[in-house]
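The chain below stands alone, shown as structure tokens; this is the form predicted alone.
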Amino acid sequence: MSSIELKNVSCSYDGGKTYALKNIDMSMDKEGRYSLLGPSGCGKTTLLKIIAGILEYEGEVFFNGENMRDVPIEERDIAMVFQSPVVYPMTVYDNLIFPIRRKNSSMKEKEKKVQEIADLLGLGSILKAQAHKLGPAEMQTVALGRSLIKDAKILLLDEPLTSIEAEKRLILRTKIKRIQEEEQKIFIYVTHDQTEALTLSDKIAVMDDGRIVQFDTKERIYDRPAHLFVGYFMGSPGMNILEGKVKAGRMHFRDFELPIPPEYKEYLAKHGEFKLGMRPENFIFSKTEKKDFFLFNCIDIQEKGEGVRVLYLKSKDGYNELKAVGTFADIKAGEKVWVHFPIEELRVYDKKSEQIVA
């Protein structure tokens, strides 16, 4: 079993004046699929390079309990795939066999390994082609194969699909997912694309401004964001965020009010102000007035394709705005609708820290 542990890891590029990473604590305690997800400049690639042994850092990094402080990159049992495809000016076959040429095994065994990787990645028909003359998707597939053939316990992927066109990106993403399911390794995937993170990961570390805001299963990352940044960043569109106050044992939002969910009663009894988060797909709609439904005006509609639409809504007096995602075939822009907030889908956040309350 492989494991990676980071303890209080920080990194500065200017001698401590500013920090690209700040006090990172993170544990990947078994083989599996992990993503570092966040906007550009949040520290994802910096963290990946520290794990690889490319950058200097403060704190400690452990592989299987061993401190990596003085262990060079070539001794870390890792393989890495970069954002831009890196291949040698030789055939695909020669690119694939190159990392294992010096291994203490027979040529027949090496050729068998090349064929296995080629079959896995669909490269069998182009083994004689010059790798550096292929298209970006094929070159990146070769780079992935060259990393896999090393049989390293840890595979680091730094936004490997960014420069690849959408259709081929989907094909290569599918190949990577199949590899992840078949290979007993730690896969760490850096991306700014939430779809890739959700597709290729079991656990996701959402990063912002050099910190890990939440590291959790992809289900909890989406369903129960620990911080409003996570709620807003994950989703298309992201979580709705409303500012509220507690009045007479209920949550007030100026022109409508909601009951307090039982799990938040203790916190809201002590705090008069809060922020409420709710996913756009969790609302319930009615074209007619109903009990516990609130009047909103549909001010705009965006078509997302395949019948899915985004409704842009304003509350009856215009104090609150919402986005809702669904089919909503019978709702038109300019119409009035009544909206229900299922109590089990409400998430309450501290107004100042923006951390989830419970």
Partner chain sequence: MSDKRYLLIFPAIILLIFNSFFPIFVVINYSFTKPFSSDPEFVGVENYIDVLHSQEWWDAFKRNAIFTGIILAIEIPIGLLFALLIRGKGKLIGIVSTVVILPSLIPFVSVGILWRLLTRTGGPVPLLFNFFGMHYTLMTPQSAFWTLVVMDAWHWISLVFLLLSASLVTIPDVYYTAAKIDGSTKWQTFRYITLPGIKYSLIMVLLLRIIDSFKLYDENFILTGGGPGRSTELLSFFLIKKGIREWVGGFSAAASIIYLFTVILLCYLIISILTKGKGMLER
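Positions refer to the first chain, counted from 1. Keep in mind that what you see is a predicted model, and the values were worked out from it rather than measured.
Omitted from view is the form predicted in complex with the partner chain, to which the following refers.
Of the candidate stretches 143-151, 226-234, 187-195, 161-169, only 143-151 has residues whose heavy atoms lie within 4.5 Å of the partner chain in the predicted bound form. At least one heavy atom of residue 73 is located within 4.5 Å of the partner chain in the predicted bound form.
Though the partner is left out of this view, residue 84 does reach within 4.5 Å of the partner chain in the predicted bound form, counting heavy atoms only. Interface residue remark: residue 132 is counted as part of the site for the partner chain in the predicted bound form, having a heavy atom within 4.5 Å.
At a distance threshold of 4.5 angstroms between non-hydrogen atoms, residue 54 is in contact with the partner chain in the predicted bound form.
In summary, among the residues 287, 128, 265, 101, the only one with a non-hydrogen atom within 4.5 Å of the partner chain in the predicted bound form is 101. Put simply, of 276, 79, 260, 123 only one has a heavy atom within 4.5 Å of the partner chain in the predicted bound form, and it is 79.
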